[in-house]
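Encoded as structure tokens, the following chain is the form predicted on its own, with no partner shown.
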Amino acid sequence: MKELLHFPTNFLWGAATSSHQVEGGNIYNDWWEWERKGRFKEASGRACNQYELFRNDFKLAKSLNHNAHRFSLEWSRIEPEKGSFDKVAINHYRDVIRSLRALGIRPIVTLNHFTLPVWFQKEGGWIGQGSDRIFAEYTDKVVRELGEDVQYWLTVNEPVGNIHGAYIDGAWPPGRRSLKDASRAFIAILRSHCRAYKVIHDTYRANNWPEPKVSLAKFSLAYSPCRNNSKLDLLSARIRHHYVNRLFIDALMKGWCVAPGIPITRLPLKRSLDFIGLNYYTRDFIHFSGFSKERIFGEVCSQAHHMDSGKRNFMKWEIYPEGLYSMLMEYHQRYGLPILITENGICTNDDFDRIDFIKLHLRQIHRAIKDGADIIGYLHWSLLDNFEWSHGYAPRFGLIEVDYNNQRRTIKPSARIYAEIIKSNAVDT
């Protein structure tokens, strides 16, 4: 008989989504504009039509024993024009939050998950003048309207990954390729988070609401050198690890909004994180490509022999559960904060692979808890199959299948296995 590995009492179990990937019809944001111009092979269109079907989807989540759900607010719906807030959109998200609470599901709310209002992007987006102040004003409005029913907030999703897609790789809006702009965006998002953190806490104190828990969803990757005997490959892997996995959180934990070594603004905070939100999927192999500032981070190696390192998902990402354990222990030892896994999942057409993926990663999470890490919950990506950004609709990440022709939902076997894990609060060995 297999041993059961038990999780802490009151552990948060659930799944995650983001507005643009599931809602459909987000016509006022920059991604919709890019899709309309044919920049991607598929457009989001109706997506999962969750803007209308959220109550049904939440009932499905409840039937699967979820006690927490992460979703994002669509900024462009709430503020479709600068300074003009849409009461209908705000009331909609109030209904979303209260629908979750009525089912006994804790809402975990993300203020910004990649997409930006078109008007904000036209003013320069994150690198526009006063972007941190504008984001703080949006945050203030949202929190005053919705905060009474929310404890957990995430300000931004994957800031470093977003910066890379938008300002280094240039594949995401606004499609720039500039290290200077990437650095400016890095600083601006730091400042935006710091301002939002303070706004949220100040608002809760002013209203005598229970203390909020505020963080961001930090994209984290495991990195290994392409050649184990190459000191230069190891150096590049370590530099990339520091930049992607540490630098942003280091700055926030110091209570400073900084570029490396350059103070930008100081807020009266010891830190601007109450917990760490961790998104983890895979590992990359890195090889050294030169000493110039553009190349010091190395390059991701796609040589054939790396493809045999571990099983791959639909998008050829390696399934590497041990990397999650390493990240959890590093963040625990370095920062000493509670950790919430805000995303972890697999795109696959073989649901048995999803079952294995969930169990393998939960065992590594349990291992980290046993070794002292304060892990408060696990949110699987994703509740539904959805629009996977520039990859379109082919990757299937959902616990629940979506037929995009008729919006029919079908619960997958992996979702039922996950439901049993939640019910027992334990995973087998």
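Start at 1 and count along the sequence shown; that's the residue number. Just so it is clear, the structure is predicted and the values come from calculations on it, not from any experiment.
The form predicted in complex with a small molecule exists for this protein as well; it is not shown, and the discussion that follows is about that form.
The candidate spot formed by H113, E158 and Y281 lies fully in contact with the small molecule in the model of the complex, as each residue has a heavy atom within 4.5 Å of it. This chain is displayed alone, yet in the model of the complex one of Y28, Y51, W34, W381 has a heavy atom within 4.5 Å of the small molecule; that residue is W381.
Note on contacts: among W209, Y243, W317, Y335, the single residue with a heavy atom within 4.5 Å of the small molecule in the model of the complex is W317. Note that among 386 to 394, 37 to 45, 53 to 61, 356 to 364, the stretch whose heavy atoms approach the small molecule to within 4.5 Å in the model of the complex is 386 to 394.
Interface membership of E343, defined by any non-hydrogen atom within 4.5 Å of the small molecule in the model of the complex, is confirmed.
Put simply, S414 is far from the small molecule in the model of the complex: not one heavy atom of it is within 4.5 Å.
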